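Given next, in structure tokens, is a single chain: the form predicted alone.
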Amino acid sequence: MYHLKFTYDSQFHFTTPIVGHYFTVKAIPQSTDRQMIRNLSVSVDDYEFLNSGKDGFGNLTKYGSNSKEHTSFGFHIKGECELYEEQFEAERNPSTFLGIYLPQTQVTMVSNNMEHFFKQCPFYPTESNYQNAFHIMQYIYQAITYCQNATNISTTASEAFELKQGVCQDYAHLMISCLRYFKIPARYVVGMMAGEGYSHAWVEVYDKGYWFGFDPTNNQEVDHQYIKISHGRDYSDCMVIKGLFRGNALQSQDIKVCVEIEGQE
């Protein structure tokens, strides 16, 4: 078992006061078959109403509002994580949920060029979903080059494929698109990885009752360096923060994510 400490701090700044601010924060890890979250602390700045819940995928959320004028907003999450040796999650309702992760979404839709590329993928019908996911991850890793600022949060898998550049979100979308092309259930994951920086994205693949994590950005299976936050069909289901407000303000955001591996038992 590995012991990790984590913090996730996000701060928004508005150039002029805003009002009527409604927000949803989805940056809160929870305990699963592969991780135990302890000493969790979640705080949100500048709100009048705040509540907790889960979305349709089972992800933890904080949602609230602030009708008063304000020029900043932030949330701060910290805690500890114990990662078990088993790096997978059981699917307890396959008949209900598997069908959600098979169809392509608007983000993962397969273009003609992508289909030609997928047909050359090392996919073997006699092998398990897990084995094929490993081959597909390696194939996707070679398809695009990691490049910040080449894409944005609205970039689709086909757009990133044509650019041959992207970040973790794009690698994950392209791998999910390929997996679903071969009728393998796959879901998008947001989480944190050991070190300092931002949140990270990877893929979970279903095989024989379990979900296994693969990180195409780093061409490796998900291990003790990863803390999961949320999952969904694509990025749009896992947005860490979303909301709306009234005002003519421009906004900027500061993010700092830190994960420290403290030891192993």
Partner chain sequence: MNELRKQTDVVNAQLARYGVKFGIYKNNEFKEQLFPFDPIPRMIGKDEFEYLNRGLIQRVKALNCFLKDIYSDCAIVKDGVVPEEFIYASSGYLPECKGICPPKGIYSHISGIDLVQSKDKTWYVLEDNLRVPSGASYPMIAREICRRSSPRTFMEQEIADNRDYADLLKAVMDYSNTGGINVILTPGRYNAAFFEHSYLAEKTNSVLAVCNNLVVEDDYLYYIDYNNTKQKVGAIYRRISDEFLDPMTFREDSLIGIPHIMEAYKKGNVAIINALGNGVADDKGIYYFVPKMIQYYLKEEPILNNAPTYLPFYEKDMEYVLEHFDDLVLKDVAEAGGYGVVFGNSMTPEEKEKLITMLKNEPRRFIAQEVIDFIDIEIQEGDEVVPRKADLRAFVLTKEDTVVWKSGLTRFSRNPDSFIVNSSQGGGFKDTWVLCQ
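Residue numbers count along the first chain shown, from 1. Keep in mind that this is a model prediction, so the values were computed, not measured.
Not pictured, yet referred to below: the form predicted in complex with its partner chain.
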Could you tell me which stretch in 28 to 36, 214 to 222, 49 to 57, 199 to 207 has residues with non-hydrogen atoms within 4.5 Å of its partner chain in the predicted complex? 49 to 57
Exercise: A150 in contact with its partner chain in the predicted complex, heavy atom 4.5 Å: no
Going by a heavy atom distance of 4.5 Å, is L102 a contact of its partner chain in the predicted complex? yes
Indicate whether Y146 is a 4.5 Å heavy atom neighbour of its partner chain in the predicted complex. no
Under a 4.5 Å heavy atom criterion, is H70 part of the interface with its partner chain in the predicted complex? no
Please state whether every one of the three residues F6, G191 and L250 places a non-hydrogen atom within 4.5 angstroms of its partner chain in the predicted complex. no
If we check its partner chain in the predicted complex, which of the residues in 242 to 263 reach within 4.5 angstroms of it by a non-hydrogen atom? K242, G243, L244
